[in-house]
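The chain below stands alone, shown as structure tokens; this is the form predicted alone.
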Amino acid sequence: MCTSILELVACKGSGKSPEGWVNLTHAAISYDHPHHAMLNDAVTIDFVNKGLGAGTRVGVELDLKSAKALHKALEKVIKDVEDDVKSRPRSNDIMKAA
């Protein structure tokens, strides 16, 4: 049964498709029948560049447990990066102190 669960988010980055590296504009995240993974349902993430057409995409299909683990890992990395960046002195701060 199709779930029609879909979220579309703008993103900026690069992904490697079969044709090579492409600049990304969006990610479509859904929960539905996978196209390739041997699962009944999957969290599917398609990274796309809207200007390059639907055929140019970087896709992954994950079971729900793997998607949750990925979500948790992304949250941890982002938190660690933001905490580390906050603790580093900025060049503007050094200039003001001088």
Partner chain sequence: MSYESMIAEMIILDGHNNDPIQAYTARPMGPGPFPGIVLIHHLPGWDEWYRETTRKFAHHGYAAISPNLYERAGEGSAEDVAAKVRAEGGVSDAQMVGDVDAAMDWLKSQQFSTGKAAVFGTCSGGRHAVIYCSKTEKADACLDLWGGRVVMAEEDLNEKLPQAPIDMTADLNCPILGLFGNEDQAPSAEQVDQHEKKLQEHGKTYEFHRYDGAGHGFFYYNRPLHRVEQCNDGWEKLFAFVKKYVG
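From a predicted model like this one, the values you see are computed outputs, not experimental measurements. Residue numbers count along the first chain shown, from 1.
FYI, the form predicted together with its partner chain isn't displayed, but the following is about it.
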Does residue 71 make contact with its partner chain in the predicted complex, using a 4.5 Å heavy atom cut-off?
-> no
Would you check, heavy atoms only and a 4.5 Å threshold, whether residue 64 touches its partner chain in the predicted complex?
-> no
May I ask you to list the residues of 4-31 that have any heavy atom within 4.5 angstroms of its partner chain in the predicted complex, in sequence order?
-> 4, 6, 8, 28, 30
